[in-house]
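The data below hold one chain only, encoded as structure tokens and taken in the form predicted on its own.
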Amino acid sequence: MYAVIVGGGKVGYYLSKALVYEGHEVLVLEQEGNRAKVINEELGSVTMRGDGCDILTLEKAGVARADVVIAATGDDEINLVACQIAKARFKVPRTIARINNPKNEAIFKKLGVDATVSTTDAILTRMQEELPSESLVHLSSLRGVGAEVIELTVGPGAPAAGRTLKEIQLPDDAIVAMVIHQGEGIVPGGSTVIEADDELVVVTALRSEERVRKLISGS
């Protein structure tokens, strides 16, 4: 199988590593030079510098003969565009996109992405599996009572980067349920320091979602 992975971050790296070890042909498209160099040093020459949303870059990557394109960046918009180009322009038979905001899942499917993967939903499903049945009822009703579970990636320079949860001062109706740091899930406390590239799973009231996003990611 020939797999093209857009994005060489943590998700893209570990995914490409697993596929390479299984004997598949893999190419990672990564824009950042140092990151591409690190992946090539660890996995061999599997990385090409370039924009996964650029048609010429995708042509050079041989996307036309790919069996699957996996968009694994931390930006939903980039993941959607990369999958759409792969599907419409290069007739790739299978496209898979990582989604960071569960709200986007419906639009991804509507616009032709074959499959989506949401870390937030995966964690929520695991939590539901681990909790007693009484708690399952409570969790599944969260979205029906004006609450939302969202996933946010902390970029370099984001308001939350380098600060403790206590210093971020989230609204009273929002909590950080989990911090994913270098691939490891952490249940945080007030003294937990949020670092760039961390991913946060936040349970928040709908009315506070926009403020939470600004305090953590700045957008």
Partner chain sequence: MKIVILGLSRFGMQFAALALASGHQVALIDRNPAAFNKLPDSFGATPVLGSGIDEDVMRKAGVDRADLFVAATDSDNTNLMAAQVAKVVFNIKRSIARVHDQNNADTFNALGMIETICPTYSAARALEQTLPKG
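Positions refer to the first chain, counted from 1. Bear in mind the structure is a predicted one, so any value in this text is a computation, not a measurement.
What comes next is about the form predicted together with its partner chain, which does not appear here.
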* Looking at the partner-bound form in the predicted complex, is residue 54 within 4.5 Å of its partner chain by any heavy atom? -> yes
* Asked: residue 114: heavy atom within 4.5 Å of its partner chain in the predicted complex?
  -> no
* Asked: Is there a heavy atom of residue 72 no more than 4.5 Å from a heavy atom of its partner chain in the predicted complex?
  -> no
* Counting only non-hydrogen atoms and a 4.5 angstroms cut-off, does residue 85 reach its partner chain in the predicted complex? -> yes
* Asked: Taking 76, 89 and 108 together, does each of them reach its partner chain in the predicted complex with some heavy atom inside 4.5 Å?
  -> yes
* To do: Choose one stretch from 55-63, 188-196, 34-42, 165-173: the one whose residues place a heavy atom within 4.5 angstroms of its partner chain in the predicted complex.
  => 55-63
